[in-house]
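Given as structure tokens, the chain that follows is alone and in the form predicted on its own.
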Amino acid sequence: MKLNRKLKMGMVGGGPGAFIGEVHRRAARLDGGIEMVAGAFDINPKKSKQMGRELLLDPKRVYHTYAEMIEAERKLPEGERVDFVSITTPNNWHFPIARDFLKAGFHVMCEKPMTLDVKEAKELQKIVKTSGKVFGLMHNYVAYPMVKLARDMIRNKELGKIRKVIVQYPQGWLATPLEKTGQKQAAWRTDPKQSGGSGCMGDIGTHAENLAEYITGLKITHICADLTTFVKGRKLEDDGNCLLHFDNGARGLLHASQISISEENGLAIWVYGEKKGIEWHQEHPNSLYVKQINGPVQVWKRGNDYVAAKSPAAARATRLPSGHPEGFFEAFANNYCNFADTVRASLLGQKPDKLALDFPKVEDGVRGMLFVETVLASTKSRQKWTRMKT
């Protein structure tokens, strides 16, 4: 049995001029199975109404607050009310909004980092379990087809035992005090009240951590971190370097920076095993480099039959034939596709397909906050290594 309608999506955040909210909306619509029907788009009610008009929504379903949205949507019958809500606000709002929608009986897709701290993350994990609702976390980079291919190669032990992991995410957009110019994104991301205890590491370092653990299947156990705030007057760090220990004995390096001039979104990963190595770059996402001992470097390209044969997950995440690049929006859409199929299964009382469950969940959010907590503790400590709690 299939659901004979589109899933109805609501959004909190993503008002006029917001970058990530519009990315979520476009990605959710990409496969045609989701429609936007309601939202509380901005803390300013006038801006929320403006966004509703731009999206051609029913004015009655454009709300002043997320609490008002919950109350009104709950009164609508199933099939008319929102099936799930996407949270695209600054970090300090993620936990209360997710908590309240889950308790009200709605499924949730949330931007990362999931919460402000570990305490909130673990409380939200309990709420997700108690509610029985589907919770997705938008770590979009793990949804690229060639990332899934890399993960499946490692799962199949083609690299042998993993020895070393190098992951980086350099940006340069905060090399100057941009937050003092009124730039909205810079302002909230450098504000501890909205962003949390970490700047660069909470914002993009968590992407690097999540990518490393997703691809390798390993867990970080210990961190030796060095965080720096280079821009004078900035309240949160804008650069960080970490040595890593993994639970199989592998060693790693994680570097994230927002003051690396001219760098854009240079997320990249190298994984070396006993037999082979792999290399992937987010800015060139359609290729995976596979390295052999005493052999040529192979370039595996998205959309080819040999990729699908190796990784059904990569095939599911591919929309276009080889040679037609897929990128950022499609990666978001891949997470939405799997999340939506899992929500549909829940609405029908069915067990979701195994491949549909391949999207970041609340457990990944907890790992992200444990990573941030450990990095902050490590950089303040005189010890070389700080254990990452579980």
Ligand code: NAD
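Throughout, we count residues from 1 along the sequence that is shown. A quick note: this is a predicted structure, and the numbers were derived from the prediction, not measured.
What follows is about the form predicted together with the ligand, which we do not show.
Undergrad: What is the one choice in 238, 83, 111, 73 with a heavy atom within 4.5 Å of the ligand in the predicted complex?
TA: The residue from 238, 83, 111, 73 that makes the contact is 111.
Undergrad: Given that the ligand is left out here, which of 229, 185, 304, 168 has a heavy atom within 4.5 Å of it in the predicted complex?
TA: It is 185 that has a heavy atom within 4.5 Å of the partner.
Undergrad: Please check if residue 93 has a heavy atom lying within 4.5 Å of any heavy atom of the ligand in the predicted complex.
TA: It does: once the ligand is placed as it appears in the predicted complex, residue 93 has a heavy atom within 4.5 Å of it.
Undergrad: Taking the ligand as it sits in the predicted complex, is residue 254 in contact with it (heavy atom to heavy atom, 4.5 Å or less)?
TA: Result no; residue 254 lies far from the ligand in the predicted complex.
Undergrad: Would you please decide whether residue 12 lies within 4.5 angstroms of the ligand in the predicted complex, comparing each non-hydrogen atom pair?
TA: Looking in the predicted complex, residue contacts with the ligand include residue 12, since a heavy atom lies within 4.5 Å.
Undergrad: Tell me, yes or no, whether residue 359 is in contact with the ligand in the predicted complex, where a contact means a heavy atom of each within 4.5 Å.
TA: The answer is no: residue 359 has no heavy atom within 4.5 Å of the ligand.
Undergrad: Would 101, 125 and 370 all count as contacting the ligand in the predicted complex, using a 4.5 Å heavy atom cut-off?
TA: The answer is no; none of 101, 125 and 370 reaches the ligand.
Undergrad: Specify the contacting stretch among 345 to 353, 52 to 60, 28 to 36, 328 to 336, defined as having any heavy atom within 4.5 Å of the ligand in the predicted complex.
TA: The contacting stretch is 328 to 336.
Undergrad: Which residues from 140 to 163 come close to the ligand in the predicted complex, meaning a heavy atom within 4.5 Å?
TA: Going through 140 to 163 in order - heavy atoms within 4.5 Å of the ligand in the predicted complex - the hits are 140, 141.
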